[in-house]
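A lone chain, given as structure tokens: the form predicted alone.
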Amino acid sequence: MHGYAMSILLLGQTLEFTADPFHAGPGAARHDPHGAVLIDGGRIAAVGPADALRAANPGAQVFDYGNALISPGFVDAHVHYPQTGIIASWGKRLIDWLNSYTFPEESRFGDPQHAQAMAEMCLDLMLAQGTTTLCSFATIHPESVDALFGAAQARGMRVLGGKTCMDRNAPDTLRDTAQSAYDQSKALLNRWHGVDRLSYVITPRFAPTSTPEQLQALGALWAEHPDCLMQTHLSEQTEEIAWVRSLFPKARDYLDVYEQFGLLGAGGLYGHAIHLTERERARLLETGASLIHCPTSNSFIGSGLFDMPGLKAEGQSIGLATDIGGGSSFSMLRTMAAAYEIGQLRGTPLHPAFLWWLATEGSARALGLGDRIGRLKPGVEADLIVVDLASTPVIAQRAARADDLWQAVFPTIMMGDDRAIRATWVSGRLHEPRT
């Protein structure tokens, strides 16, 4: 990345939201076809018309991106970075996926060199796709957390993550204990949480791979550190829900397992959340928890169709995520496209404004970071991407027919990939891929 002593001015089309478009409508988007973003000290200093900001800042270093779109960087709210190497593995549903692919790969992450190599690969792939913040599960190995946060530090990224805790229904090589999960998570939290742009997330994988004692220990740790987030999985597949019912027969439902052990609340991130009961929906809303939609994963391993319109209408907090490697793409563009397709299958297509908001400010809000990232607003950290809305011949010919911003953006959502990401700015610095 380059360092800059002077202020920086990015020129292009700008896109910002004044409110949640799910509630305020697509008109909540504020678009300037000749806009600019002024960066100073790693933060956004001003957003406005290009001519006015150029005149007011004659000493700024100018990057003119023409008619490319300047947007907040994408925010990926649920990732398994250790599954980078097994992305797009064939033919399994959730429980078989874990046993066949995930657990053998995660067993390798006690090796610090392997963990470092995979963390660096994952973050570089994310940055190439325009993702500037992600929230990741690691493995049971503390080395896997150190590798993730070290790689993020080196890139200046805002990254969240934590040690994945499992003390049953997993191979011997991937089991900790209730006590070691608590002790190691606490030590990692004390080492990393709040350092630079890093946040520790308390991380029980999901109810079936933790004993009641481990869930209780992690609930206690969260109560001791309520400024941390907590991430897990909830109601991803019907077989999984039946498994949870057999393991916790006294619980009212899947969510109640977490609630019994202090693992439900604001700052809780619940991946998937597809097959929810009315009671679960009501409790999630009441407690201010966040649901994380993982559409490429939900279709790839056959989990089901997330009820985005119904849950947003209720007022739920929802983020968007790739869920690699169960998810089949590092690209948040492809993830937006999958969310659109799942909406179509439910009979409720999502407007492109909804999709873009989910991938930026919506996910930032779900992670409790809506005041720091995900927006084009003065004072917000300058994590920005420049999106070429004509990155391939087929996208270019479709976008040329557009009558408005969203007709120009939608072909890139549906057909775009890393070629659409013309530049990625991280904390006010231009990220250049390592060769």
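Sequential numbering from 1, following the sequence displayed. Computed from a predicted structure; not experimentally measured.
If you look for the form predicted together with a small molecule, you will not find it shown, but the lines that follow are about it.
- A151 falls outside the set of residues with a heavy atom inside 4.5 Å of the small molecule in the predicted bound form.
- Interface residue remark: D76 is not counted as part of the site for the small molecule in the predicted bound form, having no heavy atom within 4.5 Å.
- Proximity of I301 to the small molecule in the predicted bound form falls within the 4.5 Å heavy atom cutoff.
- Although the partner is absent here, F206 is a contact residue: one of its heavy atoms lies within 4.5 angstroms of the small molecule in the predicted bound form.
- Contact with the small molecule in the predicted bound form, defined as a heavy atom within 4.5 Å, holds for exactly one of Y340, F248, W97, W222, namely W97.
- This chain is drawn without the small molecule; in the predicted bound form, the residue among Q83, S210, S290, S331 with a heavy atom within 4.5 Å of it is Q83.
- When contacts are defined as a non-hydrogen atom within 4.5 Å, none of T132, R155 and D383 contacts the small molecule in the predicted bound form.
- Only one listed stretch (262-270, 231-239, 124-132, 183-191) carries heavy atoms within 4.5 Å of the small molecule in the predicted bound form, and that stretch is 231-239.
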